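Coming up is one lone chain in structure tokens, specifically the form predicted alone.
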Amino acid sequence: MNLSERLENAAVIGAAGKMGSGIALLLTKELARMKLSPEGQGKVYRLALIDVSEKALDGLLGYVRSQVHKMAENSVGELRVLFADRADLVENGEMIEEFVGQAMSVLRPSTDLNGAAGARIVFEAVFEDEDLKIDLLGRVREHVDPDAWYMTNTSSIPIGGLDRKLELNGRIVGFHFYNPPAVQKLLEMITTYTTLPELKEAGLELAKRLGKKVVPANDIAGFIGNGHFIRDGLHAIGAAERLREGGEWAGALYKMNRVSQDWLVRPMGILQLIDYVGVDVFRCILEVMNRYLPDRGLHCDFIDILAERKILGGQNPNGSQKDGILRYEKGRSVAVYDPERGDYVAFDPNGWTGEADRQLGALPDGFRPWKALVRDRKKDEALAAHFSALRVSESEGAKLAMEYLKTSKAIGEALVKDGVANSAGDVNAVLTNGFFHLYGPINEYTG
């Protein structure tokens, strides 16, 4: 049974979640294309969308319909090819509506796992909790095809362990989409020595169909993306702890967030990124990595305190940022959480944040932020000049940035040395494509 045959009856488990909804959208579009192709004529396609809430599934259907409509509007040339033999479809609007209708016709939403009955390929996108995934996939097995393939969206849990505990005999692969799946081009694919060769090939083929750039990762907890991100975040928090000795948390956290964004020329500060991912998700990934790599110091009391106090970050249903380590108003950070005070400390440009900025010092002359450089063809030259200036600067901001840059590079090099990544290029590809960094961590900017 090849990939196309398996996709005739597919299922997404956790379909209404942040990741599941994006995966469902990508698959809906692909199944609609298959259904309308000459090879798909007369075949029945179904994509089971399984989640626990009917209300969430209703919202998912609305989201998929609106997004498929937008995709169709931007792909009229492709639609004209698909509908070349349909004399009844002349206007662009007619083709768009027909494509949307065909796409929606493949969807089968359900709150019952039996809704996935007979599925030949299962995409799982539930919370990053190993016990939850094992329990859920174990129950899914009772309903789907006995030889079904499983594509788990885990970002940290070793695939080999899931394979053994679920007794799948190589029929599972890590298919780690980056958030949001419908937009992000990167897909980290994790295989083990037991993964079926035909599943590996199908994974690469499906990623190509979905327009994804695949970076392979080896089966070590955290893989490449979170293997770097988690350690990167721990460095920033550890640096903040050292900065606050004799002082308060607020200024130290503010400094590290600003250094990681401005001095390192990243799209957002590290604390904002942790909030975006979710403090609870960060903690879960940290716990998974610590369980499988117990001698690597992968624990953080600060993150534990935040999680226990329900300072969790994440996004609201409308996509806006929830309060986490930072508090947000209209998409901008306005305060930082101080665990000793047990409350947020509002930014005060004329007070403590102004003093923190003064202590950090000025950015190098000619500094340009990430947003100004992201589409600049000469960004490499600008970055080289920026980091060259930092290397000779005596400011606190420059020193913190260079220490951070060296640590980030060491983390990346260790991922290659430990066999998580096959090459420095793969590490850099994940950070530039998945995290939108302008440069990879393994670079020559440290001098």
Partner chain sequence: MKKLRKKIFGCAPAHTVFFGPGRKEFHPKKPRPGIEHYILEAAKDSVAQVKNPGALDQGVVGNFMAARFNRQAHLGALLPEACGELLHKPCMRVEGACGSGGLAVIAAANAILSDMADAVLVVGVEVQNTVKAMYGADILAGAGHYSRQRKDGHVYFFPDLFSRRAGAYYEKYGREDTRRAMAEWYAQAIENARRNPKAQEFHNADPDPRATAMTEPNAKAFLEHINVFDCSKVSDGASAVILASEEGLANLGVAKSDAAEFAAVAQCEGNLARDPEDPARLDTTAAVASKALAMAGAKPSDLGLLEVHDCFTITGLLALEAIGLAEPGRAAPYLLDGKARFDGECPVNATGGLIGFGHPTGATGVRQVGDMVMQLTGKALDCQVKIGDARPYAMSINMGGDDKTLVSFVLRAT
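Numbering follows the first chain given and starts at 1. Predicted model only: the values in this text are computed from it and were never measured.
A second form of this protein, the form predicted together with the partner chain, is not displayed here; the remarks below concern that form.
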query: 4.5 Å heavy atom contact, H69 and the partner chain in the predicted complex; finding: yes
query: Contact test in the predicted complex: D295 vs the partner chain, heavy atoms, 4.5 Å; finding: no
query: In the predicted complex, N92 touching the partner chain (heavy atom, 4.5 Å); finding: yes
query: Contact of G77 with the partner chain in the predicted complex (heavy atom, 4.5 Å); finding: yes
query: Interface residue in the predicted complex among I305, A362, V334, A84, criterion: non-hydrogen atom within 4.5 angstroms of the partner chain; finding: A84
query: Position in contact with the partner chain when the complex is considered in the predicted complex, options D135, D301, E142, E73, heavy atoms within 4.5 Å; finding: E73
query: Region of this chain that lies against the partner chain in the predicted complex, out of 223 to 231, 94 to 102, 191 to 199, 373 to 381 [heavy atom, 4.5 Å]; finding: 94 to 102
